[in-house]
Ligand code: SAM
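Single chain ahead, by itself, as structure tokens, in the form predicted on its own.
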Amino acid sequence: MELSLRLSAVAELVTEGNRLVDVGCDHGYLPVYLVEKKKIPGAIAADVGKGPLSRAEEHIRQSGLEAYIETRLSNGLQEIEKGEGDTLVIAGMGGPLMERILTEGRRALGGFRELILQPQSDVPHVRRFLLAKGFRITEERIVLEEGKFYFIIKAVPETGGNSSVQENPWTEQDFLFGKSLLESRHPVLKKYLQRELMIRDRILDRIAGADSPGEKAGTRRNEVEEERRLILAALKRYES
């Protein structure tokens, strides 16, 4: 089977040989693909909805992988025991929901060697959340699929004394756009930045064209101008 570009990017970040826990598994495409490719020995496909879980079970049966992939009805990590998996994947959810799942699932979270997250919203906040909770972001991917940009974040628990954030502080640009993506000057990130710049320019044009801008409009203009400055600074990295 073939995965979407978004799920392919998620699959690429899974460490070979790890046991997978896929929270919010939907149709179970990711664990089926990874087991078929023999990249992982087995998986737990979990979902809070009976409908999505039923579709995942059907897909797993059709693939003949019942012995390798277990389905589990679970609200986030509530029905996952510590040590049942090495890689935790949460993909296709809003950032705030993802953060709630990780916060409420602290008991199980400690057993994972890596997290692979694909938030649909609030990506900068998810990055801040991970670093604040003792994780180190080791790699990111960005894909453009059917007109939408998707960020995929891989994080591992910090070990030892000083955190990597203290050793190599993150800038506001890093939180907004992804430290490793900026450092590698990822070509898809450049397209994302160009689109974001165009959006900010349109907003500023609308504010400038308003009959009576008012105090709120002035505050918003300042915010957008600062966002635009950060985007331009990020784009400047691509010039060298």
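The numbering used is simple: start at 1 and walk along the sequence shown. It should be emphasised that the depicted structure is a prediction, and the values quoted were computed from it without experimental measurement.
The following text describes the form predicted together with ligand SAM, which does not appear among the structures shown.
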Sort through 85 to 93, 141 to 149, 107 to 115, 123 to 131 and report the only stretch with a non-hydrogen atom within 4.5 Å of ligand SAM in the model of the complex. 85 to 93
Is it the case that P119, even though its partner is missing from this view, gets within 4.5 Å of ligand SAM in the model of the complex, heavy atoms only? no
In the model of the complex, D47 touching ligand SAM (heavy atom, 4.5 Å): yes
T71: touches ligand SAM in the model of the complex, heavy atom cutoff 4.5 angstroms: no
Within 4.5 Å, heavy atoms only: does I101 come near ligand SAM in the model of the complex? yes
Along 66 to 88, which positions have a non-hydrogen atom within 4.5 Å of ligand SAM in the model of the complex? S74, N75, G76
